[in-house]
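The chain below stands alone and is given in structure tokens; this is the form predicted alone.
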Amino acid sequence: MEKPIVGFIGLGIMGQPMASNLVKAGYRLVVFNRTREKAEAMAGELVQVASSPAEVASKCQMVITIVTDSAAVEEVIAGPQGLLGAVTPGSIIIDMSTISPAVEQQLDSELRRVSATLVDAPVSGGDIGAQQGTLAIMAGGDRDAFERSLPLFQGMGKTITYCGPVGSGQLTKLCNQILVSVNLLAVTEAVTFARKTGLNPETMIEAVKGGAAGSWQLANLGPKIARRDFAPGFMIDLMQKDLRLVLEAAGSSAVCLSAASSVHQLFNAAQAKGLGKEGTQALMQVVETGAAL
């Protein structure tokens, strides 16, 4: 069976390697990026560059979006040059951004009016997972649309889970971000404690990562923290966007998230220090300052 032509919108730190993995899997793509140079860098026999999201929708019945925030997704799907104005009946829009679950539900309603549907499928695994094609993908939406999207997910990820109706993927991703951010705080505190008590932080990480304290954050970001490598795989500004979504959803559901609230405040301090564009592991710079007081 011939593979469909796939639209791909958003070629940033995550999107570009994800799109490249689809090309490696044999898919032809029609791509769009707000900064056109990033799209043109991918142009080739299997990749065509579009001038707008609407052009992507006119050429593809399956379109993946992965952009910065809720407003960006709304613009891509429902804006003046958005997918909604050119989408054809039976199309599936797969949003792999991390945004508000309520926004995904509203956009799905708008797409259904033109006989299309939305699958919200945010990802976890960072730039490393995007490059290696080992992302965790958590999807919400119509079950049939999920099944039709599954071959695409398999080209980009390793752990693929159907979580329920539209919005469920985003809610699952927010659970993921609670775990990631709070665990990252624990890693930064452990590295700070090791350094200030005379231990070699990298030796400490090797000693504990295979036991009960082991985690993705410790294994992948722990050594970077120990080396003071704060280059972004996932930026503090983006994590703060996600934590705001977490706390907004928690507030509307009367859920107390004291640990997530605390790490959100520490990331606020990091942003105040001008670290918003650094990797999330730069939280270390706030933790170690507090430890020195």
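Keep in mind it's a predicted model, so treat the numbers as computed, not measured. Under this definition, the rigid core comprises the largest set of C-alpha atoms superposing within 1.5 Å between the forms. Residue numbers run from 1 along the displayed sequence.
One more form of this protein exists, namely the form predicted together with a further copy of the same chain; it is left out here, but the text below deals with it.
Shown here without its partner, the chain carries Ala25, Gln48 and Val87, none of which come within 4.5 Å of a further copy of the same chain in the predicted complex through any heavy atom. Among the residues Val208, Leu150, Ala102, Val114, the one placing a heavy atom within 4.5 Å of a further copy of the same chain in the predicted complex is Val208. Of the stretches 63-71, 27-35, 40-48, 245-253, only 245-253 has residues with a heavy atom within 4.5 Å of a further copy of the same chain in the predicted complex. Contact between Gly290 and a further copy of the same chain in the predicted complex is found at the 4.5 Å heavy atom cutoff.
a further copy of the same chain is not shown here, and in the predicted complex it never comes within 4.5 Å of any heavy atom of Ile92. In the predicted complex, a further copy of the same chain sits within 4.5 Å of a heavy atom belonging to Met138. For the chain shown alone, Met156 is not a contact residue for a further copy of the same chain in the predicted complex, no non-hydrogen atom being within 4.5 angstroms. Residues Leu171, Thr172, Leu174, Cys175, Asn176, Ile178, Leu179, Val180, Val182, Asn183, Leu185, Ala186, Val187, Glu189, Ala190, Thr192 are the ones in 171-192 with at least one heavy atom within 4.5 Å of a further copy of the same chain in the predicted complex, listed in sequence order. Put the two forms on the same core and the Cα of Pro165 is off by less than 2 Å between this form and the one not shown. When two forms of a protein are overlaid on their rigid core, residues whose CA moves 2 Å or more are considered shifted, and Arg112 is not one of them between this form and the one not shown.
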